[in-house]
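First, one chain by itself: the form predicted alone, in structure tokens.
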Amino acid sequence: MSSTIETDAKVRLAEVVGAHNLLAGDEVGEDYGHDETLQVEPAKPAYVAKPGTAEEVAELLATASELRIPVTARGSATGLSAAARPVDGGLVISFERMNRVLEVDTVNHVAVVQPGVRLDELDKATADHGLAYTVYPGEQSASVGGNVGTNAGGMRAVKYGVTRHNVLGLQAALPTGELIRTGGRIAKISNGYDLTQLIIGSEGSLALATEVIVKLVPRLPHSATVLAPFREFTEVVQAVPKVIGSGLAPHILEYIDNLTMAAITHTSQLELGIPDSVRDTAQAYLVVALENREQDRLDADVQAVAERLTELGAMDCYVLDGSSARKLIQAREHAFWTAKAAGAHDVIDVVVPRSAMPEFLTKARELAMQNESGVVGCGHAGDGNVHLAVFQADPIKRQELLLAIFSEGARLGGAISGEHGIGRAKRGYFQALEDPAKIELMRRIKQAFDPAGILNPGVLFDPISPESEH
């Protein structure tokens, strides 16, 4: 981009958001050039715009389309797929100023929020009304807009679902400069194509959410967490469908292998009261969290789940006190940071049918051994979402291992990612393993939304220049 064009772009963008809300050149800090992905290099955007309204977002996109400036949306940049990593010389639209909870509607059980609202901020706002937004992707500093972009899930998805089950409507800015509304404060709709669901999970490649209507549920006052160690890893994953089939409806159902448990308890300085004899022989753990309106009903459920887990081979069952339970769940949520600190070279989140988890995990470990690599992890056992930290410094060997693991997941009826998304980090694997007809259809959908090809080029699939479409 020539200096004249750069100057014109800077002036045009500043006219939209005001000069004080536009960073350019050396004013752009390094933090705007990356998310938390481990193996994708940062980039240097030419501009960072901080809009304050939906209209400003739409106008920024119209200007970028006219000037052919690639655009990347940024919430809290906690993603793990490089979908929030910008293009060199491009524009970052940061939603840090659009961070208000506009309304908590206690009649319809929804909240209306701007995309920059952090999950901990929304949790605080809804708690005052005895309600909750139930998507907890493991990082409470994540933004609602980021949830929408990646279709975030988390530990509570086993009971409450992922983002697409908890977003009822959107206001979104299109690259053409138009603003649209999809869905609403309604539980069901049958009016043509479901644009809400199409935008959710599109990783900022189709449209940018400027307002989100999220579903809320009543907060249940009583909860308990049961920790069950198992001697054999396969026993853990085989127990999962039977726990779910019991009708006890856990809101968290996680597996943690022994190495990951040792790492997160050490990092968190967490003492769970497990005897050395059990800890030394346990290969993996199942974490089951239950909640209820009534304490006596909760106590009965805890007793029932402990008895069931014992029947299924658990070495013992430990009902954690409130403090230990919170610390364990928090440590599990921060397992990525533990893996990063331990030197993991990548973190992946393959999802497979629950019934296929034993076979998938066994095969993943075999593939790692053949590749002279290490894989350890934990995951959302209740919905088949397996999180693996991969230790292999050689990029070629690591690529071979990841392709083999992803291929195994696909063979078993799963997908490359359950909640982190494809982004730039897994684009090559996605293209290699996905049905070409589906990828071509996705390209045509993107072309309809984004004729200038400015929104997150390089995310999901290789960018195609607008000229090559004609």
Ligand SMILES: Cc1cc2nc3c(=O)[nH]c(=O)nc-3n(C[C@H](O)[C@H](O)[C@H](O)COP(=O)(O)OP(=O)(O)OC[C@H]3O[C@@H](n4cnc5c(N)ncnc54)[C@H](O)[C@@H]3O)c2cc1C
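Not measured: the values here are computed from a predicted model. Sequential numbering from 1, following the sequence displayed.
There is also a form predicted in complex with this ligand; it is not shown, and the following applies to it.
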property	result
Proximity to this ligand in the model of the complex (heavy atom, within 4.5 Å), stretch among 330-338, 287-295, 366-374, 218-226	330-338
Proximity of E408 to this ligand in the model of the complex, heavy atoms at 4.5 Å	no
Close approach of T78 to this ligand in the model of the complex, 4.5 Å, heavy atom	yes
A142 within 4.5 Å of this ligand in the model of the complex, heavy atoms	yes
Contact label in the model of the complex: A152 to this ligand, heavy atom within 4.5 Å	yes
Every residue of V350, G379 and G384 near this ligand in the model of the complex, heavy atom within 4.5 Å	no
The unique member of A84, V236, V113, I256 whose heavy atoms fall within 4.5 Å of this ligand in the model of the complex	A84
Neighbours of this ligand in the model of the complex among 199-220 [non-hydrogen atom within 4.5 angstroms]	E203, G204, A207, L208, A209
